[in-house]
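Okay, so here's just one chain, in structure tokens, the form predicted alone.
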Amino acid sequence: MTHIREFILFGVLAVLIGILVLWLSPVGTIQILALASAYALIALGLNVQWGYGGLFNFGVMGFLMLGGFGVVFASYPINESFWGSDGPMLLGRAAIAAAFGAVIIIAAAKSEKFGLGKRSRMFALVVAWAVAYIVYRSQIDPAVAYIEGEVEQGFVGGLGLHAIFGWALGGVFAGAVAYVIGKICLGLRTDYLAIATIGIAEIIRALIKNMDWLTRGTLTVSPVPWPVPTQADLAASGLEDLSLITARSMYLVLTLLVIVVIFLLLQRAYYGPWGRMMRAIRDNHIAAGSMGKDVKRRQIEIFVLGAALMGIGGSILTTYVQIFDPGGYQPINHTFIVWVMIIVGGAGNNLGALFGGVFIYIVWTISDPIAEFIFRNLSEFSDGMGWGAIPDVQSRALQMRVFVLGLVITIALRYAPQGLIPERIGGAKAED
């Protein structure tokens, strides 16, 4: 029965995509699918964290930003002005200062091995953090002032690598930060973990927006190189008439290949011993711990894996739009919508995450023009009846996106509380 439901739902999705082709043209539909595929990958990452491990991460936006920064840092062209200046030397000193600070902080944290009591250890830790901060700021501030004032473009630039390396680096950055977050926050109760991840996402956004010397901040970085030939490249090679659709199609195919590989690996892991262990920890971590499982270590493992997938998805999004704008990241667009995808698609089911990712992104995208069409016709009717036109039609239509998502969530929770494609264990869906 569950397989029939999956077949029907994906058939409905295929029909919806066909309608988009007739309504928006193939080029516009491919663009929506390319972005939807990136969100589907992000939804897979959240499904790993929440569906596999029961970890409530409400800081998805932060990991998407790290992924976007990763692809910019790796693939944006090299800034020769920076490498030919004193900037690398100054940043090297700042890195040494940061390493020194990390060493003294770790030493203070491990000071009980030297016979210090609890209060003495806490005092040593506070002093170590203060010293590390002062030493680091004494080196990084002159470096930042020099780079922003003397270096062309005002930032370090990228490494000039292929965008695929940038996607991988985005996943590494997100996974590395997730490891630090996990060491600090995992073990908190679900609601506390959600609050902590919200705060951490805002910290990440504030850092990336204000580190102009590294990310250009709100000045943005553009154009971010594509991993496939762009429309301009294809037009220059003689495919002028088909350049746009060919470029977008190639990008979509590459993204789908990444998703297929990751999906197959996740499916194999989920239905293997590792997946059974993760479900046991999710359902009853106390019982799993009593059986000798290292619960926190495994939770960190799954938190890092999910964050890495989010980072890759964030890299794909940034690469497609070819601009990295830290000011453009908003919780409703880059956290809330991903949770809607999981709730509607079905937590704990990778197919559900993929379906939810594509379906919800399409609904999110088309709700704006549909609402605008309805409002404009109502406005004309109202004006013709002498009641006056509806003001600010465009902004009102844009706000309808949130209403539509809320309506979708309400309907899904009422009629499919486990999602449209619920979790299946051993060939059957999870029981209520």
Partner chain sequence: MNELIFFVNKVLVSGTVLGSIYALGAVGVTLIFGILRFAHFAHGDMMTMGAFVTFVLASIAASMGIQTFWPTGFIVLPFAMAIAAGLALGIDRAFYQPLRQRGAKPVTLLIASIGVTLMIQGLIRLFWGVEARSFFANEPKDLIRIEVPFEGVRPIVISEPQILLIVTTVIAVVALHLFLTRSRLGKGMRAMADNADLAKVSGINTRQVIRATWVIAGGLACMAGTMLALDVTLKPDLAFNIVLPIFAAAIVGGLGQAYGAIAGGFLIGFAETMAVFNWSILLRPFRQSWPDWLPFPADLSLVPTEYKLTVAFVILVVVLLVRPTGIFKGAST
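Positions refer to the first chain, counted from 1. Under this definition, the rigid core comprises the largest set of C-alpha atoms superposing within 1.5 Å between the forms. Predicted, not measured: the structure shown is a model, and the values here were computed from it.
The form predicted in complex with its partner chain exists for this protein as well; it is not shown, and the discussion that follows is about that form.
If you check its partner chain in the predicted bound form, you find a heavy atom from every one of 137, 198 and 339 within 4.5 Å. Shown without its partner, this chain lists 261, 99, 184, 286 as candidates; in the predicted bound form, only 184 has a non-hydrogen atom within 4.5 angstroms of its partner chain. Contact annotation: of the candidates 246, 81, 210, 267, the single residue with a non-hydrogen atom within 4.5 angstroms of its partner chain in the predicted bound form is 210. Comparing 226-234, 186-194, 309-317, 90-98 against its partner chain in the predicted bound form, the single stretch with non-hydrogen atoms within 4.5 angstroms of it is 186-194. When contacts are judged by a 4.5 Å heavy atom cut-off, residue 19 does not count as touching its partner chain in the predicted bound form. Taking the partner from the other structure, its partner chain in the predicted bound form has no heavy atom within 4.5 Å of any heavy atom of residue 11. Using a 4.5 angstroms threshold between heavy atoms, residue 202 counts as touching its partner chain in the predicted bound form.
Residue 376 falls outside the set of residues with a heavy atom inside 4.5 Å of its partner chain in the predicted bound form.
Taking a 4.5 Å heavy atom cutoff to its partner chain in the predicted bound form, none of the residues in 276-304 make contact.
After superposition on the rigid core, displacement of the C-alpha of residue 20 between the shown form and the other one stays below 2 Å.
After superposing the rigid core, the Cα of residue 370 is displaced by less than 2 Å between the shown form and the other one. Core-superposed comparison between the shown form and the other one: CA of residue 412 displaced by 2 Å or more.
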